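Before any questions on how it binds or moves, here is one chain, the form predicted on its own, in structure tokens.
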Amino acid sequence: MSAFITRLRNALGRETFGLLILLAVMVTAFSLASPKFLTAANFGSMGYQAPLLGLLTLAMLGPMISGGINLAIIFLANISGLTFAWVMLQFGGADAGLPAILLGALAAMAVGAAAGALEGAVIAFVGAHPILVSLAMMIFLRGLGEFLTKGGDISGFPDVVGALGHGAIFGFPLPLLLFLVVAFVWHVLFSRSRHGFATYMVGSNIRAAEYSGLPTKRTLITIYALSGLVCAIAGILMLARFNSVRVGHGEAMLLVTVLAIFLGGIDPFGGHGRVAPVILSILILQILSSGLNLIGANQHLATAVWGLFLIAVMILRSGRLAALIPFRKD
């Protein structure tokens, strides 16, 4: 049995194996705590809630692997959602047709990608730290959005837009389908493409990557442009879920995306990490939130537990802890 577990751990990877164990423990615990946990209604609810957090986490993933961070993801999503809403309003709002919706989606993705590319260009050519650049972009987009909306929200969209956030195909939530498509593309991008290889090299040692002939500046711009693109998709989904768009929607998710990244085994200094463990970490956090809600815990408790999760992950990955706890190789 021990040999089988060892082979399974080696096949899946240390992070994935550990997260699967944690996932199994949490599912078992909440199943015993609430008879409503293992129901189609609960899993359906999670299928509509988790994709938004998942998309924002994937938007954070590329910058983190490259050794940076994108603190502007929420406001990139917001400004992209505002762009989508503005285009639809120009074509009748709730009466806008499919061409207007497609045009709005393209405009939103263009705005998100362009804003992300601007972040990447400043980081690449100016040499400013990603924390400062993304913080500046966050402040700029927040102020711009509040100026354009006068601090209010925009609502009144076609029913087909709402279907994206609440619809299903053969009982499968559309938001979850959207997330799985983006996650698969991200998996291929980081594991099978030259851009993915360059991203890991930049995160490991950007100077060595430059000396190796890799286009590090172009890679950084592409990393943040793709991050902005996924933020735009998240912004469109956010609009569809809430049937409105407002600056600051989803602001509480920023720190949760960082938690999901760390829980998924991404090295905060860059150069290491995979997509699959991050997806598992998103599922774990959603199960934790839904499970606590079903047993009647205060919603703020979930936020507190998420914070404890982050502290626990940092402690478990501490080199000092590893030195204190003897490790036996199988």
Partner chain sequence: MRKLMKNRQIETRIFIALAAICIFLSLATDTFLTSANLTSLLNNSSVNLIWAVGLLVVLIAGGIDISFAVATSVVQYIAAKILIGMGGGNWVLGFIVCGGVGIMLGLINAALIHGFRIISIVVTIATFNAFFGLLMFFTRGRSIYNLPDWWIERIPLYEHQAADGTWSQLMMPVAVMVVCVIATWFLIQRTNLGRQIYAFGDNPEGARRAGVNLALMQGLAFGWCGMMAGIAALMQVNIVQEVVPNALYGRELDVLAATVLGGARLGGGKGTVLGAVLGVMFVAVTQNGLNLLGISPFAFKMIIGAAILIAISTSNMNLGGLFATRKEGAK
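All values reported here derive from a predicted model rather than from experimental measurement. Positions refer to the first chain, counted from 1.
Unshown form predicted in complex with the partner chain; subsequent notes refer to it.
Chemist: Where, among 228-236, 122-130, 157-165, 93-101, do residues come within 4.5 Å of the partner chain in the model of the complex by heavy atom distance?
Modeler: Careful reading of the contacts points to 122-130.
Chemist: Report yes if all three of L23, F170 and F179 come within 4.5 Å of the partner chain in the model of the complex by some heavy atom, otherwise no.
Modeler: No, none of the three is in contact.
Chemist: Residue-level contact is defined here as any heavy atom of the residue lying within 4.5 Å of the partner chain in the model of the complex; does G47 satisfy this criterion?
Modeler: Contact with the partner chain, no.
Chemist: Could you confirm whether A114 comes within 4.5 Å of the partner chain in the model of the complex, counting heavy atoms only?
Modeler: No, A114 stays farther than 4.5 Å from the partner chain in the model of the complex.
Chemist: Is it the case that T39, even though its partner is missing from this view, gets within 4.5 Å of the partner chain in the model of the complex, heavy atoms only?
Modeler: Output for T39 is no: heavy atoms all beyond 4.5 Å of the partner chain.
Chemist: Taking any heavy atom pair closer than or equal to 4.5 Å as contact, tell me whether L255 reaches the partner chain in the model of the complex.
Modeler: Because a heavy atom of L255 falls inside 4.5 Å of the partner chain in the model of the complex, the answer is yes.
Chemist: Given that the partner chain is left out here, which of L89, A105, M138, L174 has a heavy atom within 4.5 Å of it in the model of the complex?
Modeler: Contact residue from the list: M138.
Chemist: Taking only heavy atoms into account, state which residues of 137-151 are within 4.5 Å of the partner chain in the model of the complex, ordered by sequence.
Modeler: Heavy-atom contacts within 4.5 Å come from M137, M138, I139, F140, R142, G143, L144, E146, F147, K150, G151.
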